[in-house]
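Quick heads-up: it's one chain on its own, the form predicted alone, in structure tokens.
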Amino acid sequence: MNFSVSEENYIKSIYHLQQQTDLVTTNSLANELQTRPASVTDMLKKLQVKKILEYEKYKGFRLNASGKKVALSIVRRHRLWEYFLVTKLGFEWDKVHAIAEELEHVSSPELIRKLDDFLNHPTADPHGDPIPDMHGKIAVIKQLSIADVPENKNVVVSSVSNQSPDMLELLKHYHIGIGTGLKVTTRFSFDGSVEIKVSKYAPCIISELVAKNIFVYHD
């Protein structure tokens, strides 16, 4: 079944919202896509016709098994392109999201298969998010945010939840990337900010908001 660029954007957004809550509301999807609830309602009707949604009256909707398969295919393409742009073309990790948003809609199975082979089947994108395999299976990474890491524990950065260019630029300033080793040296109860030590660099203080968006591997 073929989907338009707009339909794919809706499907992917529903998928991401479902990672936070089982049922997605029209208003939450409208906020995510920065559009009017009426436009969301019109699109949902189209997606229902294509039989990829389940709807519970007065509660919300979710992707069914077919819809989730489509969503994971889009996510796979997006994350493979991000990996390609960073590792093969030398883009900074804060510059690739918008480009990958365009490339993800090139849905040729042969192209994506060859891209995956060319990249030697990466398992995570440059921001630490797992890349679904060709069968739609996606790994679950055990991790916790720096805001929850005990003091004086050595950890390794696994992913970043807020991937806005501003956030990634901030992390680059602090020499923090995927795979960076660091230690939480002090936690300040006054405002939740955290002092961290990254490798050879001087300790720095990050806000609670930033700490909650940086995840590290957790056994």
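Note that this is a predicted model, so its numbers are computed, not measured. Residues carry their position along the shown sequence, with the first being 1.
Keep in mind the form predicted in complex with the DNA is missing from the figure; the text below concerns it.
- Of the stretches 160-168, 49-57, 185-193, 147-155, only 49-57 has residues with a heavy atom within 4.5 Å of the DNA in the predicted bound form.
- By the 4.5 Å heavy atom rule, the three marked residues Tyr10, Thr25 and Thr41 all count as contacting the DNA in the predicted bound form.
- At least one heavy atom of Thr35 is located within 4.5 Å of the DNA in the predicted bound form.
- Using a 4.5 Å cutoff between non-hydrogen atoms, His175 does not count as a contact of the DNA in the predicted bound form.
- When the DNA is considered in the predicted bound form, Lys45 lines it closely, a heavy atom lying within 4.5 Å.
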